[in-house]
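For reference, the chain that follows is the form predicted on its own, supplied as structure tokens.
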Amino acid sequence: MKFSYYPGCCYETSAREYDMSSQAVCKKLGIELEEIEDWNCCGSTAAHSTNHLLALSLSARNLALAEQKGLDVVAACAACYQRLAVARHELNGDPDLLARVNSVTGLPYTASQRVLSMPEVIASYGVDNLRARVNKPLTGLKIAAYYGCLLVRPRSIQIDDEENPHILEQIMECCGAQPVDWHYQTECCGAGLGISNEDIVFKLVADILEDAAANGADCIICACPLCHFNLDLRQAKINKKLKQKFNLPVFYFTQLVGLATGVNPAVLSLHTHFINTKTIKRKYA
């Protein structure tokens, strides 16, 4: 199984853990990722709100480069996935718009290949095959699977049910973990307001953390760098401002899949989180 891999702009910085763990897990599962050569920013998060043609062209250029290889595209970042998938969806149904975009990029693109998220790729490997690779099951670990906004909206490119998704829980159950039943798995964390209105983000994130903890979660998993940044980084500030005592580790789902399948914890970058992950690492590594 081979895919063109779109890493996105934060793969060497704020989401380095996601890139490292995604590549390590895919290698473990026999999924080959070929990074798109000369890829560019997909336009997340501002371009699509300022210039529609520019936003489509930014994503379409990446997809055209991947299409030359004849491979479907996988994006780890949920925001990148959404921009690429939306572009493919819009251009696939509008030949005139596709021609305009191709004139902007200077590359031939037919919108023929699929765009997939990392959860879809891991799940497509097959739950039985994934379960067979687990040699360090996450027995007893209670996880709150957080999808956020971008994986289940808009309807045209959602990877699962927008109200009751289950793909991350299915993956975690294969790894021996126990998903908790909670109420905020698809609520917005306010990622787009992280700079402009931090107070709103504090309230949104605090509600998510509180519900996860109240329903017995030992940690939260996600598949979005923006969500991970909000949920992991902001706990200390929220505790100080809102007089809370949150201390809930936040993982990319691929990090826990990596633990369960015996990937070296150093390769999973478990040591670079803001909320300490040592307790879980010691128990399952």
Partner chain sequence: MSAINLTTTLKHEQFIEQVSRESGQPVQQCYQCGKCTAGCPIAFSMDVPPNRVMRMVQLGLRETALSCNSIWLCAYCSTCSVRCPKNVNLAQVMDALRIIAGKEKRAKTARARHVELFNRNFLNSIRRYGRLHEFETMTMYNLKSGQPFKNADTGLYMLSRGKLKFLIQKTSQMDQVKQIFARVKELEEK
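Residue numbers count along the first chain shown, from 1. What you see is a predicted model, and the numbers here were worked out from it, not measured in a lab.
Just so it is clear, the following notes concern the form predicted in complex with its partner chain, a form of the same protein that is not shown.
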Inset, instruction - Establish, in the model of the complex, whether K136, D211 and C227 all lie within 4.5 Å of its partner chain, using non-hydrogen atoms for the distance. - result: no
Inset, instruction - Name the residue from K142, R100, H89, H166 that puts a heavy atom within 4.5 Å of its partner chain in the model of the complex. - result: R100
Legend entry - Close approach of C9 to its partner chain in the model of the complex, 4.5 Å, heavy atom: yes
Inset, instruction - With heavy atoms only and a cut-off of 4.5 Å, decide whether N129 touches its partner chain in the model of the complex. - result: no
Inset, instruction - Decide whether L233 counts as a contact residue for its partner chain in the model of the complex under a heavy atom distance cut-off of 4.5 Å. - result: yes
Inset, instruction - Would you please decide whether L33 lies within 4.5 angstroms of its partner chain in the model of the complex, comparing each non-hydrogen atom pair? - result: no
Legend entry - Segment assignment from 69-77, 170-178, 154-162, 118-126: heavy atom within 4.5 Å of its partner chain in the model of the complex: 154-162
Legend entry - Contact set, 258-285 vs its partner chain in the model of the complex - heavy atom within 4.5 angstroms: H271, T272, H273, F274
